[in-house]
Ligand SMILES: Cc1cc2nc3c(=O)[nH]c(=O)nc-3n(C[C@H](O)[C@H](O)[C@H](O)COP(=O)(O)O)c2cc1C
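First comes one chain, alone, set out as C-alpha cells in the form predicted alone.
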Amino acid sequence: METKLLSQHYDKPEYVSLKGYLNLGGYEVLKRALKMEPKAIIDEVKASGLRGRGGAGFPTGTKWTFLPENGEPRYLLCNADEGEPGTFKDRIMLERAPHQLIEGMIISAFAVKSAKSYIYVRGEYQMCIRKLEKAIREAYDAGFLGKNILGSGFTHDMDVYSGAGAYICGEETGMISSLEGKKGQPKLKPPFPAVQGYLAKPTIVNNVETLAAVSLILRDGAAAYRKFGTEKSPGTKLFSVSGNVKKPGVYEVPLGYPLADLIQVECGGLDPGRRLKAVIPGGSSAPVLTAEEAMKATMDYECLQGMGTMLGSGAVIVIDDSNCMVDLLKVIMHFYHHESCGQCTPCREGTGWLHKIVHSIVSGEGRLQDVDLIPRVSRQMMGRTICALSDAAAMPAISFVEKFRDEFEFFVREGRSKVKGHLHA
C-alpha cells in the first residue's frame, strides 16, 4: 500500500506556493534545525540510514562527513538532471513541491556549512525551472534564504541552473563540469567532489528526493523514518512506473515493497488478456528481470542486487507479451550511443557497435554469431571508463540476450520479430 511521507500533499495545488506550503507546516523544521548543531543534523541523517535516491544508493550522512575541514568555501549541488529513461519522480516533486526541496536544501546546507547551493535542472524541464525560480524568490522574500536566515547567523544563497540537455550531465562530475561552464564531461575520481568538486572546492552532490527527505527525517526523527523500509534500505521511495500498466505514475512505497504488488495493486495490473513478460526495475541501465523473477522481487537495494540487477533511480518499466525484446534493446542502444560523450574509447566505440549490431538484426541483416557478439562487446566495455555510461549500456544488452535469447535467434533466422511477426527497419 502507498505510504505517503514525502508525497503526502502532492495532490494539493496550493502546496506549490509559499503560502500553501506554510499552511501545511512548511519551514517549521528549518526553524528547529537552525537551532541545532550542524553535527547533530548529520548524525540524525546518518542514524536514519537515508541512502542517495539518485541511483547509487550511497549513505547520505556518510557522504556529508567526507568534506575536509580545510577552511575552504563549500558548495551543495542538487542533481535534478533527471535523464535516466523511465524516470520522472523528481519532475513531479519539482512541479508540485518546490518548497519541500528548498527547505531540505537549506537544512542540508546548514548541516554541511555551505553558503551557496545550485539546483541543476534538466534543460527540458522548463516548467520545473519556472516553478523553482518563483519558489526561491518567495523564500528570499520571506527570509528563508539570504543573509542571517531567521536571525540564526546562517547565510545561504541558492540558484537554479538550466541543464545542458545531455544525459551525461546527470553524472555528478559531468554536472559539475557543465555548471562551471565547460563541456559536460565526467572527470576521473579521485579526487571525489566532496574533496575537490565545483570550482575545485569541497562539494556535496545529492538528488532531489534525497534532499527533500532530510527535512522529513528531522521532523519525525531517525527512528520514525526507520520504521519504514528494511534494515539496510530504510524509509520510503518514490517509484516512476511506466509501460504496460493500467495506471502509470509516481508511487511512494516503503523500500522492500513487493514489485508484484506495485504492479498489480498500485498500478492496477496489466491490460486484460495481456501477460507480464519482463520488468526493468531501475531505469533503462538496470538489467532486465523476467516475469518470474519480477514476481519474487522486492524493491530494495539488496534484493535487486542479489538478482543481478539494481534499484537505480526507481524507474520501473513494465513490459507485457505484446513487446519484442529485440526492438526494445534497439531503442535502448540508440539512446546510449547518442548520449555517450565520446571521451572514453570503450564507451564511444562500444555503444556504437552495440547499436549497429542490434539495428542489423532488426533490419533483417543479422547473423547468428551477432547474438553472441552483443554480450562479448558489452563485457569489453564494463569497468574500463571514467563514468558508468558504458556499463549502463552494457548491462541491459547482456541481460536482454541472456534472458530472451530465443527472440534474438528467431529474428536472425526468420528476419522478423517472434512477437510482431513482421520485418521492419
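Because the structure is predicted, anything quoted here is derived from the model rather than measured. Don't overthink the numbering: it's just position in the shown sequence, from 1.
Another form, the form predicted in complex with the named molecule, is not on view; read the next lines as being about it.
Interface membership of Glu171, defined by any non-hydrogen atom within 4.5 Å of the named molecule in the predicted bound form, is confirmed. Looking at Tyr167, you'd find a heavy atom of it within 4.5 angstroms of the named molecule in the predicted bound form. By the criterion of a heavy atom within 4.5 Å, Gly243 is excluded from the residues contacting the named molecule in the predicted bound form. Interface residue remark: Leu389 is counted as part of the site for the named molecule in the predicted bound form, having a heavy atom within 4.5 Å.
Listed residues Gly54, Gly366, Gly26, Pro396 were compared with the named molecule in the predicted bound form; Gly54 is the one with a heavy atom within 4.5 Å. Across the options 291 to 299, 206 to 214, 151 to 159, 109 to 117, residues that bring heavy atoms within 4.5 Å of the named molecule in the predicted bound form belong to 206 to 214.
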